[in-house]
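This document contains two forms of one protein chain, each encoded as structure tokens and listed individually as structure 1 and structure 2.
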Structure 1
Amino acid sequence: MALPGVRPATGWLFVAPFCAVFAVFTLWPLGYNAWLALHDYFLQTGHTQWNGFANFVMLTWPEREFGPALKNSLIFLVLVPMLQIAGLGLALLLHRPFPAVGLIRALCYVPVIIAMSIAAVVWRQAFAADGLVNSFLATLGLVSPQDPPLWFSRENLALYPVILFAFWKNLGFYMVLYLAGLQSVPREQHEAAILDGANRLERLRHVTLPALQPVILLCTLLATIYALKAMQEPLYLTRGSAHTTTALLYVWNAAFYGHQFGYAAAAGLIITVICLLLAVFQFRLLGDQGRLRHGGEA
């Protein structure tokens, strides 16, 4: 309801800048991508030609290897619970004041601000045959010093250090978000729960997590989008070799190396649809009407 003397249409003037930016930088690219997915695009002339669903049919061809790339992106989704659990756990540990807590928080955030290319060089050295990781595992007797594993060359191993790298690179970011969220948890509710005899686990479940519901939802959505958009990590660490190509890296190669823009748009559209479906599921699970908001009770 508009205030006296203010016309209802006035409100639209305030949201118009956002709507304009959203339409230009989100809706139009999405619509153009969907349109391009149904066409062949000829780079030299700039012409397009309708081809129906041919690009989507080509994605199913085994020799195109879109399936393995999409599978790697779905495996990357294991980052979502990893980042949420570790980020929240780290935030709970560093939420209380103790000596040097500020320094520890800063050190946890350092990987976030390191350039991806520089961090990847360090990780490649650490996971080299004679690197730090194999030396440590050999000390524990888990690998043979004479035949150390080549982490980034073996097809059945290469993806996991890449995921671990992404986890290390982003953990500090989610820790900061959860630390900010913990500042908003009402202290009175914790004190009331203590008076009622609730232990730490019960206070976490019935007070902290419901209060953090918006932050958990936000972090889960961001981590899901990040996992499905993972491209730089395999690009810098393995160049996409050893079966570490993700779906977005596949799209990038198809568009800018293969010059198959319509085909790349079709692959990108599938990734977008998967991302939207996961977002809907997460809103239902972690949204205002989800179980998390009510302390895990329906």
Structure 2
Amino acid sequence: MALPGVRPATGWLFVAPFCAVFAVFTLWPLGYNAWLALHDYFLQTGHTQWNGFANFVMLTWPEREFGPALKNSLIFLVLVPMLQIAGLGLALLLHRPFPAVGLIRALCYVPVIIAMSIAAVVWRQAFAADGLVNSFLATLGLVSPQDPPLWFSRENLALYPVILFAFWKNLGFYMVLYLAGLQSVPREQHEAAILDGANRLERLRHVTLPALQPVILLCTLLATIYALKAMQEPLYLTRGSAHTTTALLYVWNAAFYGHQFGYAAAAGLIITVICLLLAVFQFRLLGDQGRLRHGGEA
């Protein structure tokens, strides 16, 4: 629809400043990263050298340990159901008004707005050998005070406090999304179900959950993308040691500690492609033409 008296040139002028910065710092990096993935980069001189697919071949070498990093990223996906169940549970608890409900919602959101690097410092203390968590578990009789578990240095254990930290950091965000979803559940359906003699559990199962389906799907996709992109949590908590390296943290380490920019770019490209595929999927389901905008039909 062309508006009278509004020239297309004006449109270009308005988007030009954004586009200039966007092109240099968002689009160019995406393209350059893909190009770099096929090259060797020499940091000292800034020269690049085409190497075919050598970076990708190197990623498959077992001693390079890209596989375990990718596996850790996949283990991180346990975060997805954890966040859905607890996020929805918390939203159900805080949905109906009671005194100070607003304050409690805000308090549950506090972890989301605190800098992750600063919050992680407390978690490192809490999970130290003589830390608060072991003291708590000893009180419950779950661990022995003489031989407490060293959470961050045991290789088959270290990833789980990291995932718990990610859970703690994001729970409030999903709570708010589910609270928004609960507001859109039609009241009449609940009232009709009450008249039919349905108890709370039946109403949750047959009224609330079906109505929440779009929100559940959105949250699941968001959490999936988030979990696959996780890197700051292990970086702050363990510096990626003790087998907590995720795929994206692997990219980071290869670039800034290994100084292998081309190799890092190749690993980064793989993660970008995975996110791209998930994004396409997300568009199909949630976009303007997506299924959910049309009542889940067609």
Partner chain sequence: MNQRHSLRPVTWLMVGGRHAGIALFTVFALFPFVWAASVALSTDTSYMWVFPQAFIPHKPGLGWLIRVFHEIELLVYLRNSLLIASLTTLGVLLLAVPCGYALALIDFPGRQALFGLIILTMMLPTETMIIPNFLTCIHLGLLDTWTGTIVPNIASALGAFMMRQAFTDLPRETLDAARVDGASEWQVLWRIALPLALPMAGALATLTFVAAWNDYLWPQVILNSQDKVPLAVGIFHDLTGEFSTSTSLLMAAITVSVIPVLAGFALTQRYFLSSTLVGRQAI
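One-based numbering along structure 1's sequence throughout. Just so you know, these numbers come straight off a predicted model, no measurement behind them. In this text, rigid core is short for the largest set of C-alphas that superpose within 1.5 Å between two forms.
- Only structure 2 of the pair represents the form predicted in complex with the partner chain.
- Residue 254 shows a C-alpha shift of 2 Å or greater between the two structures [criterion: core-superposed Cα displacement of 2 Å].
- Residue 65: CA moves less than 2 Å between the two structures after rigid-core fitting.
- In the core-superposed comparison between the two structures, the C-alpha atom of residue 33 has shifted by at least 2 angstroms.
- On rigid-core superposition between the two structures, the C-alpha of residue 44 is found to move 6.6 angstrom.
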